[in-house]
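Only one chain comes next, encoded as C-alpha cells, the form predicted alone.
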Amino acid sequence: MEFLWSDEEKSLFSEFERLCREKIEPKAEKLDREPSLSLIRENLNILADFGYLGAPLPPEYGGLGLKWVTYFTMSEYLAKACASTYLSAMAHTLLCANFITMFGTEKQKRKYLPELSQGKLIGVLCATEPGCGSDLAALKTKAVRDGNYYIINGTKAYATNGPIGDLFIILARCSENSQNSESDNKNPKSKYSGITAFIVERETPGLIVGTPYDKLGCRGSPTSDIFLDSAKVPVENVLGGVEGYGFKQVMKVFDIGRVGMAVYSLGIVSACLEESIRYSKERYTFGKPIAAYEDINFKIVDMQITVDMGRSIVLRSAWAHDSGSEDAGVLASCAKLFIAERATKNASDALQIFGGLGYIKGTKVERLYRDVKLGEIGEGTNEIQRRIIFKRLTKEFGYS
C-alpha cells in the first residue's frame, strides 16, 4: 500500500477543507442548537455543488469516480467541521446512492443516481425497525406481490435523513411462497429468506414520514421513523430486479458505511485535538498555561495518537475496498471499533481540559462530546463489530 497523493488530489483536499471551514463549520453550532431542515438541506446543496455527494459514484451517472481512499480522506474535513452535516451526507451517499450503484439495475442507476449525485434527491436507507436493529432476521416489514406492484406494510426506525428524504431504500420481507423470490440461503427456511430491498419515492401513497427525533447529539442531522401503510411500489423498484437478496446486499453496503462511521469519529477527535491545543495554551493556572502540566498534555497526546493511527486504519480499510480484498469487511469493523472507542474517551478528555467551561452549552467541546457517542452505535454497535471480527478470526484459524 502506498498513499502518495497526486497534485490534483492535494488540490482537491485543499479546496474541500476550505469549503468545510468557511461554509459548513460556521453553521455547526446553530444547527445543533436549533435543528433546521432548511439549514441541513442548504449544507447538502453546498456539498452537492462541490461534487461531494456524488464523489465516489461512477462518472457515467454524474459522480466524480473517486477511489475510496480519496473520498474518505477528504471526508475527514467535513466530519471535523460539522458531525451533523457529515452524518446526513454519509447516509445519503454511502447508504443510499452507493447501494444503488452496487446493486441497482442499469435502469435504476440511470434514473436515480444523477439526481442523487446532484443533491436534487436526498437518499435514506431504512433497515432498522423498533424491534430489529443489528438482528435483521427479526425484520417484520412485509411486502406482498399484487400484479405489477408490491404492497408494503411496516415501520422503520432511526432513519437518518428521513424528514428531508426524497428517495428511500426499504428493506422488507417478501412472501416465502413468492414465485419470484430468490433466497439469500439455499435453505428456503433461512432466517434471512425473502428479505428484499425496494426503492420507494417520497410521493408514494402509504409512505409516511414521522416527526424528527430530539436527539442527544448530531442534532442537526434529522432522524425519524418511516411508516409504510399499504405503500404501493412498482415491481421495477425491486433493487437489483430480483427478490430475496436484500440481506446480502445491505451487509456489503454496511461494510462501506462502517468505514464512513470510522471517519465520523476520526473527524470529531481531530476537532477535539485542535480545540484542546488552543485552549491549553490560552488558559493559565498558577502562573502558567495548563499545557505545561503533564495530566493535560498527556490527554492531548492520546488524541494525536488516535488521529494518526485512525487515519492509518481508515486508509488501509479504504484501500482494501478499492482493491476488492476479502479483508475489506473485517477491516471496516476494526476501523470503526478502534477509532470510535478511543474517540469517546478523547472527547471526554477534551471536555475535562476545558473544565467548567466545557460543561456549558455553546462550547464546541460540549457539542463534540455529545456527538461522539454515535460512533459506537451507528452502523452496528461496537459489540457487533467485535462479533464480526472474532468470527473472521475463528474462521481464519480453523475454529469454526
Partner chain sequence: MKILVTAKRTPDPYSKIKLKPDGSGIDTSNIKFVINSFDEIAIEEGLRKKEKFGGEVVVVSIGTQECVEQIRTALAMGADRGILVDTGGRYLDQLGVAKILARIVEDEKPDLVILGKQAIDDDANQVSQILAELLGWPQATFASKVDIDLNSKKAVVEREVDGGIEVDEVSLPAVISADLRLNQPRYASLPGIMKARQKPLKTVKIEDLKVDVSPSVEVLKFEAPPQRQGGKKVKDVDELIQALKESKVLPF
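Keep in mind it's a predicted model, so treat the numbers as computed, not measured. Numbering follows the first chain given and starts at 1.
There is another form of the same protein, the form predicted in complex with the partner chain; it is not shown, and what comes next is about it.
Could you tell me if residue 19 has a non-hydrogen atom within 4.5 Å of the partner chain in the model of the complex?
Yes, residue 19 is a contact residue.
How about residue 12 - does it come within 4.5 Å of the partner chain in the model of the complex, if we only consider non-hydrogen atoms?
Because a heavy atom of residue 12 falls inside 4.5 Å of the partner chain in the model of the complex, the answer is yes.
Given that the partner chain is not shown alongside this chain, does residue 2 nevertheless sit within 4.5 Å of it in the model of the complex, heavy atom to heavy atom?
Judged by the heavy-atom cut-off of 4.5 Å, residue 2 is well away from the partner chain in the model of the complex.
So, residue 50 and the partner chain: in the model of the complex, are they within 4.5 Å at any heavy atom pair?
Taking the distances in the model of the complex, the answer for residue 50 is yes, it comes within 4.5 Å of the partner chain.
Looking at the partner chain in the model of the complex, do all three of 55, 64 and 74 come within 4.5 Å of it through at least one heavy atom?
Every residue of the candidate spot has a heavy atom within 4.5 Å of the partner chain in the model of the complex.
If contact means any heavy atom within 4.5 Å, which of 362 to 370, 29 to 37, 64 to 72, 331 to 339 contacts the partner chain in the model of the complex?
Answer to the contact question: 64 to 72.
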